[in-house]
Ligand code: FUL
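Have a look below at one chain only, the form predicted on its own, in structure tokens format.
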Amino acid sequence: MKKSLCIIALLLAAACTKVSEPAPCGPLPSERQLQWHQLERYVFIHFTTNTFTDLEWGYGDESEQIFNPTACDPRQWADIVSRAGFKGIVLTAKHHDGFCLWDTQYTDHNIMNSPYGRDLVKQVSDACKEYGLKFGVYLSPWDRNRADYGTSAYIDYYRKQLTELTTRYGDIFEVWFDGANGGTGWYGGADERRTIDNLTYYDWPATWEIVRRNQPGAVMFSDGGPDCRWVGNEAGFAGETNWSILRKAEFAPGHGDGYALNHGQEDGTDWLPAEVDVSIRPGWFYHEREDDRVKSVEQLMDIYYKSIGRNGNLILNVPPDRRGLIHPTDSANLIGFGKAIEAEFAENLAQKADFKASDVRGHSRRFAASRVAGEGYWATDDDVTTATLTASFRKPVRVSKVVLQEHIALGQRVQRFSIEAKIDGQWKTLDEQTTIGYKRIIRFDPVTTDAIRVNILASKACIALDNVGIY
């Protein structure tokens, strides 16, 4: 999606005046979080013994011999992911069944003792490098194969495996932790009648420090971050109001208020943006019975607008089949999804518009130019928290989407905004919403218009927008 050159068109006085940047507003993203935001979409790969037992959650007593993908090709995965426009792959290096997809020295329950007999984590990492994709790993905290799960010995085991994954395979962009654990009611192959206090058992700060030390550029996902949060559902949508900040101390893997996870918290203490996890199939692992239930391009586009279009990142699960290949239907729909995104945002009408702002910080061109030109962003004076930005067209255009992006390096500010179109000389409100954040996409029924107006109706501090796109 191209950023617009829109705000460059503002002709303002006193361009040479030295003007300070706006002060930061609230919690700010780290550099690793800023890089993560820009990825926007990447793929999850769920692949383990479950693929061959037809389960979603394995019991942990499955034989290593059952894992036998006869045509496994991570290069095929990476090729499809790349052609679909996704930016990376996060692999389930170990799911709840405890079967490890790499050559770990800490358990025999691993891929090297299967008929496949090769380090799949390395293969996927290498394929990502070849196709220019980012690589990430998911290491389930829960392990139904381990008799010592629930004891301190298991935590030592878990951290040793995390160390292996974060030191052997090059750069990792994301490490995925979830909150599933052997609570009451889950019975597996190794005495599963165990309960833990998830808040204290893992000593998460000490576990996270392993990633910080070995992969300083990696973001870590869980309900409580520390870098990005669960969106609170697996259906593929963020809240229409979605703050990238959260009262972090109230959350931990497996623990968190679902509403807050979905919407964020305006008074949050930390930058903790939402990641939207959803599968292209009903389940997370491949099941032949679901071959006719793969999400269509239309369904995937709806997810796109309700995830990335609502200030979230999208991690879309695409599970390989028993051959170790992405199924043709999944492949076709994933690539079709990428082409649909490309088509819908092929022409940014803002690049043909003349823009006028009701206020520009210090009347400086530095704060009137789009970041794409390398000259800054639109910002208002400190005391200006409501403003309008109007894009006028020399001849009527057909419009159905407006893309807004805040300059989040200085925080998330906008609390309420509206979009209007000038139709037959009259301004018509197309939508009124709340938050923007890294990216907000507003869809509406197509209109033919002479002008589009963005009204910032309330902001926590002066306005700072990186981009306005019109499609």
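Position 1 is the first residue in the sequence shown; the rest follow in order. All figures in this text were calculated on a predicted structure; none of them were measured in a lab.
There is another form of the same protein, the form predicted together with the named molecule; it is not shown, and what comes next is about it.
Problem set entry | Which of 128 to 136, 341 to 349, 171 to 179, 201 to 209 lines the interface with the named molecule in the predicted complex (heavy atom within 4.5 Å) | Contact-bearing stretch, as computed: 171 to 179.
Problem set entry | Listed residue that, although the named molecule is not shown, lies within 4.5 Å of it in the predicted complex (heavy atoms), from 438, 44, 59, 417 | Looking at 438, 44, 59, 417 one by one, just 44 meets the 4.5 Å heavy-atom criterion.
For this session: Answer with one of 197, 382, 234, 156: the residue that has a non-hydrogen atom within 4.5 Å of the named molecule in the predicted complex.
Result: It is 234.
Exercise. How about residue 96: is it within 4.5 Å of the named molecule in the predicted complex, going by heavy atoms?
Worked result: The answer is yes: residue 96 has a heavy atom within 4.5 Å of the named molecule.
Exercise. Taking 4.5 angstroms as the cut-off for heavy atoms, does residue 277 touch the named molecule in the predicted complex?
Worked result: Answer yes; at least one heavy atom of residue 277 falls within 4.5 Å of the named molecule in the predicted complex.
For this session: Please check if residue 284 has a heavy atom lying within 4.5 Å of any heavy atom of the named molecule in the predicted complex.
Result: Within the cut-off, so yes.
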